[in-house]
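First, one chain by itself: the form predicted alone, in structure tokens.
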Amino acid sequence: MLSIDRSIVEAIVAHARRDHPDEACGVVAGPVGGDTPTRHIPMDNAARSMTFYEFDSMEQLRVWREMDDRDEEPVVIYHSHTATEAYPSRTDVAFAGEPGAHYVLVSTREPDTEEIRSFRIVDGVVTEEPVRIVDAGVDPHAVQSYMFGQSPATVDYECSGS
């Protein structure tokens, strides 16, 4: 089961809506070994496609190094489907390279509703899991959302939590 804070889910959905009609993608990092997603990191879809996502390789390198420096790992890897249900495609399964991660898919095919589902993908086997959305009982500023700009010199930071 994936337990995830409501503010992170809202940030993922907002990212998916913002990038629509292209697929959005990103990561939610958390402490190594904790299976607790705490830091939302929206990323650029280098493919700029309505049917495919690909992390920008330089951005991915920066993000993975930053997670390593912070003793974090990718707890959630997410992307959106813009015209189909929130279920991994054959391509999604083929490129799923983090066996410990929750793969969250958001469908933005309906303008007024979101379909959010989570899967484990290990060795080509897709297993859906329940999603438990929780409200943080701690300081709302403890959950951070980062927006990375287009160039390494430009980084915009957004903190979620109202």
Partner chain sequence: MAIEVRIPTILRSYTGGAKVVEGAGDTLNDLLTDLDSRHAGLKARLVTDAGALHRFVNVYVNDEDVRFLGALDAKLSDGDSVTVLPAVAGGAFGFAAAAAISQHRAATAAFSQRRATAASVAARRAAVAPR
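Residue numbers count along the first chain shown, from 1. This one's a predicted model, so the numbers in the text were calculated from it and none came from an experiment.
Although not depicted, the form predicted together with the partner chain is the subject of the following passage.
- Partner contacts here mean any heavy atom within 4.5 Å of the partner chain in the predicted bound form, and among 127 to 135, 107 to 115, 50 to 58, 33 to 41 they occur only in 50 to 58.
- Contact between R70 and the partner chain in the predicted bound form is not found at the 4.5 Å heavy atom cutoff.
- Using a 4.5 Å cutoff between non-hydrogen atoms, A96 counts as a contact of the partner chain in the predicted bound form.
- The partner chain is not shown here, and in the predicted bound form it never comes within 4.5 Å of any heavy atom of D19.
- For V75, no non-hydrogen atom is located within 4.5 Å of the partner chain in the predicted bound form, even though that partner is not displayed.
- Residue E23 is the only one in 1 to 33 with at least one heavy atom within 4.5 Å of the partner chain in the predicted bound form.
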